[in-house]
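Same protein, same chain, two forms; see structure 1 and structure 2 below, as structure tokens.
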Structure 1
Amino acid sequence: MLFRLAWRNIWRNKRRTLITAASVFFAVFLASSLACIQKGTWDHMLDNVVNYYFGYVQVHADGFWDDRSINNLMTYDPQDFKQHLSDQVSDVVPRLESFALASVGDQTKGVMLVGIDPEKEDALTSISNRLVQGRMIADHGLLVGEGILENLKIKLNDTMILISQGYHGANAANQYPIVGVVHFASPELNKQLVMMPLAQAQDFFGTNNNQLTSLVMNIQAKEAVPEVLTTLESSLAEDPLEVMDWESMMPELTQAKALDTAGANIMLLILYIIISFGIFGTILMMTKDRAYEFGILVSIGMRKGKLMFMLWLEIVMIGLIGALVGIGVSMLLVKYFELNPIKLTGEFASAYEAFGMEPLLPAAFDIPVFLFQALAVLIITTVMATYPAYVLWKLKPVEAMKN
């Protein structure tokens, strides 16, 4: 009965109900859309930077990440290392990486040269899916980023000369054919990454077969990162190795995300304040206009507790009408931009590329984001409903009917 009365009451003044519901609709719509676009953008950035190369967790020789020196190597025994792994690690991807000077004709460019195990690397970063020309490397040859070909004005099957410093100051120089061209979503990787088979890289730098610069953990799900990190840190505590997650390896990315999240939270707070004032204005008018009605209802025996509950239902219904419509419309918009990301151009695109990110603004269709908006409106309406509850608690029927 109270639900039916509350539903009828909110439509006694349709204009007031629709105006209040509209304010809730626009706030929820903007909050949901912005939150989903922000989440989609950061998920996309992490996919570009983390999944495409760095991985979520890496193990290096102590101090390697600070100097990136080829002399700071770790010794890797696959069988021995297995005892340190969590069940969440599906495989360990070995790498030998350093910097080199790439030369073709009279064109030169500094590159990041990485020796990889092609099969394991492909399982982690799906390189084969990003091949735009040629084939995957096997036991000889180079995979180069698409941007390097443009800068050096070379093409597939050309020979590239690589010059670098080998292990313990040895000379490292050789020439290799380009057997494959890869497009990385990260523009930074696209312009500087060169890959070769691990054995070929060890021969080039003059290292032993069991010497590496880094091990990347191929983790089954990113939610398992804390568990993997804790397991490795505890089991490798006595070894001269450093265990780092993606946040430690790329602090600038973490800081940028924290700053962006803080700005978005401020925007959400402003929107919620707007919702609160809109609902509270409706409550003030409703309480004042219906004082005579409340006085009569209390006089004929209706309990104040039931009357408070009915008013709370009315306020919540108005809020949920606006929230549900806002969530429904934002779901359609978010789904569209999830399938058709916004492509940035100009200065915005350059700013995104500076972080090694493809200049796109995708949206993440994340149900918890929408549910959070409904919960936020429910909490706001419940808090706002304390005012009419207080008025009803102090209500004197005779005075209310006189006024």
Structure 2
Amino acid sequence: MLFRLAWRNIWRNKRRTLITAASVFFAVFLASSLACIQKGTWDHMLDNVVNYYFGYVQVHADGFWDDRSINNLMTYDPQDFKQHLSDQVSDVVPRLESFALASVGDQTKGVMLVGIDPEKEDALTSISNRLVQGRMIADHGLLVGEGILENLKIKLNDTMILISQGYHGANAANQYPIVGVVHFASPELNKQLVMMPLAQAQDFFGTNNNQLTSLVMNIQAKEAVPEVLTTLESSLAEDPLEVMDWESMMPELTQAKALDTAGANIMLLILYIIISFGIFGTILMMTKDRAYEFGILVSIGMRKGKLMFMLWLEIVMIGLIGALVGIGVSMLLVKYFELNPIKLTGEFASAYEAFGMEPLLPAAFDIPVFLFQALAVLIITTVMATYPAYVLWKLKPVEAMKN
């Protein structure tokens, strides 16, 4: 009956209940929608950067990631390396990467030149799905990012001259036909990445055919990253190799995400402080208006603990009405924007691209985000309910009934 009583009590003052629930609704709706869009945007960006190129875990020669020197290579024996892998790694993708100048006609730009095993690379990054012109490379030619075509004003099947410093100071220069054009979701990669078959890259840079700059672990589930990392680190501890996950390879990305999340959390905090005051206002009125009634209930034998529980139920019910409707509506909105991401245009798009991000704001339909909102409202209402609990604790029935 306490539930029934609490439920009926909250509708004694419909307007007050609806206004309070509406404030919770707007807060939850805004908080969940913004959190889901923020998470979706970051997931998408990380997916672009990490999953589409860097991979979650890489192995390099010690110090390579800091100096990126073609002279700091690792020697790779596929059979030998297998023993270091956990079951979570489905394949190992070899790369030889360095920087080069790409020149066509009188245009020259710096590019990131990567030698790849086309089949393994495709299995890792599904690069063939992102071909917009031409075909995949096999044993000769270049795959270039779509942005490079625009920058150098070239087209498919043109010949590109690449100039770089090879292994141990050797000159590296050659020309190759562009056989395919790839669209990368990350604008940064789109404007910089040039790929060629691994053997061709080893020939270009003058390395041996077992020398690489990096091995990318093809991991099926993102959640397995810690396990793969630990296994590799312990297994390769004696070798002059470094094992890095995506967060240590791109600390700026992690920091940017942390900064952005912190900013959003501050916004959420402010939002929740505002609704806390709204709820508290209702609680104050509710407590003041009903002091007489509380006196009666205690007089006829209702323990204060039970009365506190009933009041808590009322406050939580009001909060949850707003929270559940807010979650429901934001779920619909988030689902819509998950399927139809917001495409930024104009200055916003340029700003995103300048930071190497695709100008898209997809939403992530992330159940924990919604559950967190419900939990937050539950906590806020419970904390707010300490006030009437205090009033009830101090309540003297005779004095309450005098008012």
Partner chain sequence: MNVIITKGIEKTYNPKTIPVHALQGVDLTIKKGEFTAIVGPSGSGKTTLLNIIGGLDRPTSGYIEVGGKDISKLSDNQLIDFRRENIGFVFQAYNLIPVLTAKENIEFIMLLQGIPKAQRDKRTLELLHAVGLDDKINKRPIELSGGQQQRVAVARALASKPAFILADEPTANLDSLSTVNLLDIMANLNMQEHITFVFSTHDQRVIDRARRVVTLEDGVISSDVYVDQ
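Along the sequence of structure 1, residues get numbers from 1 upward. These numbers come from a predicted model, not from an experiment. The term rigid core refers to the most C-alpha atoms you can superpose between the two forms while keeping them within 1.5 Å.
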Chain form predicted alone, by structure number: 1
Distance the CA of Thr345 travels between structure 1 and structure 2 [rigid core superposed, Å]: 2.9
